[in-house]
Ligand code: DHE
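First, one chain by itself: the form predicted on its own, in structure tokens.
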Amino acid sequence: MKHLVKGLALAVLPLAVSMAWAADASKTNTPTTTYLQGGGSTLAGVEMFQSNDPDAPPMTKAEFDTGRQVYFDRCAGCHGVLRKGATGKPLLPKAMQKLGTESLKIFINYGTPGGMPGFGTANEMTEKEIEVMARYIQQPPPQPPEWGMKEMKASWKVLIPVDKRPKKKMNNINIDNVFSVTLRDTGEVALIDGDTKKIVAFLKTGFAVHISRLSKSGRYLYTTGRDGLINLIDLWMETPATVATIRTGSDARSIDTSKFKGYEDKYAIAGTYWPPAYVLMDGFTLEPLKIMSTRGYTYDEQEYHPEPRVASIVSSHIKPEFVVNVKETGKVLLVDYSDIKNLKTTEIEAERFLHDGGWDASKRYFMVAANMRDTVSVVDTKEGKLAANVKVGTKPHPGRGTNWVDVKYGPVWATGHLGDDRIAEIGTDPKKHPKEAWKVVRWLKNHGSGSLFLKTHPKSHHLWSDAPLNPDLETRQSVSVFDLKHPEKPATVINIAKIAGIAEARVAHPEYNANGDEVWLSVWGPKDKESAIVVMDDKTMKVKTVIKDKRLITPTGKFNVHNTQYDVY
């Protein structure tokens, strides 16, 4: 499913209370059905799911509930709540019925070269779950409930009021070099001291935290789970802890905080996949202040879309603005938070299926991948307009991307790709390098397709790139390391999983420490298998530390406080 799904994806809850719905679904066991010749059916007395599509294959209610939960966990992030497609292809009932259950089982089990992981070969779905999912996606998609201010305020909790929080930092941790590590399948983050490599705390969060973001001051850490739950974590406490929570919807991906001078830490903003909207909140308490729907018309065909999801958000350093990217309609919104009672928004037509992105080195231009259009859109946030649409490779997926100065072409920003094994360098300096600006100036060859993240650092001359969604085991366990002083040289390929001594795992998300001399990588095993964090010496490309703990379950993204606070990538 990542096309039928991206393994870092999730998304949708179709009953009144989102996580209660998901929890109920997870409690149901898929019955084993045995068909006997003669006599009554063994399904006599079993409650069946009543589909309104006569061509959909039969399912018991328990099977349908199981399918709904697995789709939430693994599929909806790429294919959409209503299954209309985005990063992944549409999964609409008639097309799925035409493919048939047996063909769908093959896709789900083995994945595709375009970036969809093999959920069977990676031991992320059982044979029975694959068979259930092959029938589930032939059913009409259930629609989740709406989620408004009443529901948000009912979910909002201030666990420690602002006046009860420390007036100064109460611990001896070097907060600048702390890593917030997503433990995807347990709904937690692990805070790890980057100096000592010791785990500071495990904190319960939403399910499958997509990102961790830092306040401008660096004191507060914000996480958003894919189930819409936001945690506000105070890093000044003796042991860092959650001080406020809120649920902004039933499916979410993005969060950031105000960074412009005079508004430091004042506001937080979160984007939701369902309902499709963004929410402005008090930055110190998470009190919801304003909800803005993103439902509307696509920029190009001017057709109404019921599910334009907020895919990524960044905070401007040069204006009191949030940059909000709306996936399905292809619009970038510059949201002026200087007066939220009289909110002013600049709407920029970019390209459809906007996903992840990040700043160029100057922090004037925002670079965002429109992955199903094989394009990177460049937004000039100073002028408030589209600077360019740059054609790149197949299904770009940059994370936040990464910046360096190419030895020949000057400042560049780069993205890897889900659908091919190339890395595209895009020129980003229209003033001093106008001929190279907003063009792919160089292609680097990754060790495989299925890349999710790549990273370098201003103090490094290496570029690290993963390929965790590649169908080949050796490829998805390895990283490419490029020497940026000699970009013509082939990359050094290192199997990080073997260094960790873990057989069944993907390797994902290179992240530098604050000093730029270490690279941290997630060895992401199945939920019931071993995982680890591997710390590599950036200069020598040799292992420094392998962090293992039985509580480090399904680690994915890792966010260094300093680098995240200052948008260093």
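Rigid core (definition): largest C-alpha set, two forms, superposition within 1.5 Å. Everything numeric here is computed off the predicted structure, so don't read it as measured data. One rule holds for the numbers: they count along the sequence shown, beginning at 1.
Another form, the form predicted together with the ligand, is not on view; read the next lines as being about it.
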query: Among 204-212, 240-248, 168-176, 457-465, the region lying within 4.5 Å of the ligand in the predicted complex by heavy atom distance; finding: 204-212
query: Leu452 within 4.5 Å of the ligand in the predicted complex, heavy atoms; finding: yes
query: The ligand contact at Gly416 in the predicted complex, heavy atom, 4.5 Å; finding: no
query: 4.5 angstroms heavy atom contact with the ligand in the predicted complex for Arg226; finding: yes
query: Thr381: touches the ligand in the predicted complex, heavy atom cutoff 4.5 angstroms; finding: no
query: Contact residue in the predicted complex, chosen from Gly427, Gly448, Pro276, Gly399 - any heavy atom within 4.5 Å of the ligand; finding: Gly399
query: Position in contact with the ligand when the complex is considered in the predicted complex, options Glu188, Asp421, Glu351, Asp356, heavy atoms within 4.5 Å; finding: Asp356
query: Interface residues of 496-530 toward the ligand, as seen in the predicted complex [heavy atoms, 4.5 Å]; finding: His509, Trp524
query: After fitting the core, Leu521 CA displacement of 2 Å or more between the shown form and the other one; finding: no
query: Arg74 C-alpha relocation of at least 2 Å between the shown form and the other one, rigid core basis; finding: yes
